[in-house]
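Below sits a lone chain in structure tokens, taken as the form predicted alone.
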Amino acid sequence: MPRILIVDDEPTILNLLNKILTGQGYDTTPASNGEKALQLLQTESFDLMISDINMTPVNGMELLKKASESYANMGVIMLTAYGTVGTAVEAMKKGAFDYITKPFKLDELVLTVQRALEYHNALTENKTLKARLEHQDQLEGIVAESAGMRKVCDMVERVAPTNATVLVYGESGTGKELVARALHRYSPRKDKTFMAVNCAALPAALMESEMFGHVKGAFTGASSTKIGLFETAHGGTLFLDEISSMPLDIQSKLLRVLQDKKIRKVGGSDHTEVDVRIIAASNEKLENLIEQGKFREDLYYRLSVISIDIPPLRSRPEDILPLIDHTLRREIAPNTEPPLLDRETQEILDNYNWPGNVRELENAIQHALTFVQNGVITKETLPAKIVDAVEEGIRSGVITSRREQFKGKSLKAFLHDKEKEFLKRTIENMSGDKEKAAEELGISLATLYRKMPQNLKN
């Protein structure tokens, strides 16, 4: 029987929650304030905690922090007044499963508790999930040698078992759909449908019909009733790529579906309930489009409960060689030894800027495999534009070749320069947060400041 800790300093709410959940067959433990809840957490284990946010002296956010640090597998639902929904959304970003506004509806409470416990069960049943995610072949082909991509995998691990909507940011070719597929694969919906649609590729006139379906005779050419993407993905996941391209009128209809969990076909009058998890993706920040009047702010907040940023390949050179190895092994026949890269080719691939990101790298390797001879990939097998760009960069001084980097430099000096470069890149991957960077590197903040370049200390 699932155990639930209920925390609220309002006796009426506390007793009501206790009565409702006990009636649903749950083993409940009420706590009248945050201090008592902390004491209970130290001595007992719970599957779920339901906590009010506004309490004193220990509030719900402090309880959430403690739960996230020490009881990672315990689901948390926050209770909040309508006027403080923003705080509740922030709590979700810090690990809460969901929030409920007061006054709450009985069916909303019961359904949210059921989903939170399903989340707990998913984590419990998949104790080896993190180990699987850390292995690149188990995460839908995502390679994560760099700190930035390890952070992405960690987000997938935390978010996949939930039902939260996710907004994935990244330049074209960084692998947004791979992340979406991983979120689906490691979710309770993994055995249901995963539907991917590129909003930029759908004509505006047909988008509503494609998304929600249409009835026979709804418009010229509608000779039969059509099932839309939402109904097709019922019970599963719908991935809306390049959502920034979605017209404003369709955005308003999507917002209504996210709120009501119902769709209405074009030309129809009946509503159909749908259970679909939405993962959206964009290669530009939606906040900028909101300022330009091209994207609805209310839809943005519905979609961005959780945001995952995929760094471009040029900012994570540690992933280049592992990505090449992964692509080679995927492209060649099973039980076949992959070809080698000579030193000059490695230098070219390391120094190229990869404007097309992972997709361009994969295309380059496929090109090389077409022309490879004697089991060695040379610069002659690479696309000419890559070789020309790097060689021109070296001639103009924009790129320093590895040979020049090593020339006249002691091992100690070389390692010192590389350390500074690695520190700089880690700080950038942590969006300038030096405390997080120090934690990622496994060193103290004082050591980080001592080692980092002077221009980063400000």
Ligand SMILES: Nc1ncnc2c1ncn2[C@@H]1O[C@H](COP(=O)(O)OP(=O)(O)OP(=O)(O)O)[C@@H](O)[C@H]1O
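As the structure is a prediction and not an experimental result, all values here were calculated from the model. Heads up: residue numbers just count along the shown sequence, starting at 1.
Just so it is clear, the following notes concern the form predicted together with this ligand, a form of the same protein that is not shown.
- Using a 4.5 angstroms limit between non-hydrogen atoms, Pro339 is distant from this ligand in the predicted bound form.
- Proximity of Lys294 to this ligand in the predicted bound form: non-hydrogen atoms within 4.5 Å are absent; the residue sits far from the partner.
- Lys285 falls outside the set of residues with a heavy atom inside 4.5 Å of this ligand in the predicted bound form.
- Thr162 falls outside the set of residues with a heavy atom inside 4.5 Å of this ligand in the predicted bound form.
- Checked against this ligand in the predicted bound form, the candidates Glu90, Glu318, Asp309, Glu177 yield a single residue with a heavy atom inside 4.5 Å, and that residue is Glu177.
- The single contact residue among Thr193, Ser245, Thr225, Ser172, judged by any heavy atom lying within 4.5 Å of this ligand in the predicted bound form, is Ser172.
- Judged against this ligand in the predicted bound form with a 4.5 angstroms heavy atom cut-off, the residues Glu231, His234 and Lys265 are out of contact without exception.
- Contact with this ligand in the predicted bound form, defined as any heavy atom within 4.5 Å, is confined among 142 to 150, 94 to 102, 246 to 254, 378 to 386 to 142 to 150.
- Annotation for 360 to 388: the only interface residue with this ligand in the predicted bound form is Glu362 [heavy atom within 4.5 Å].
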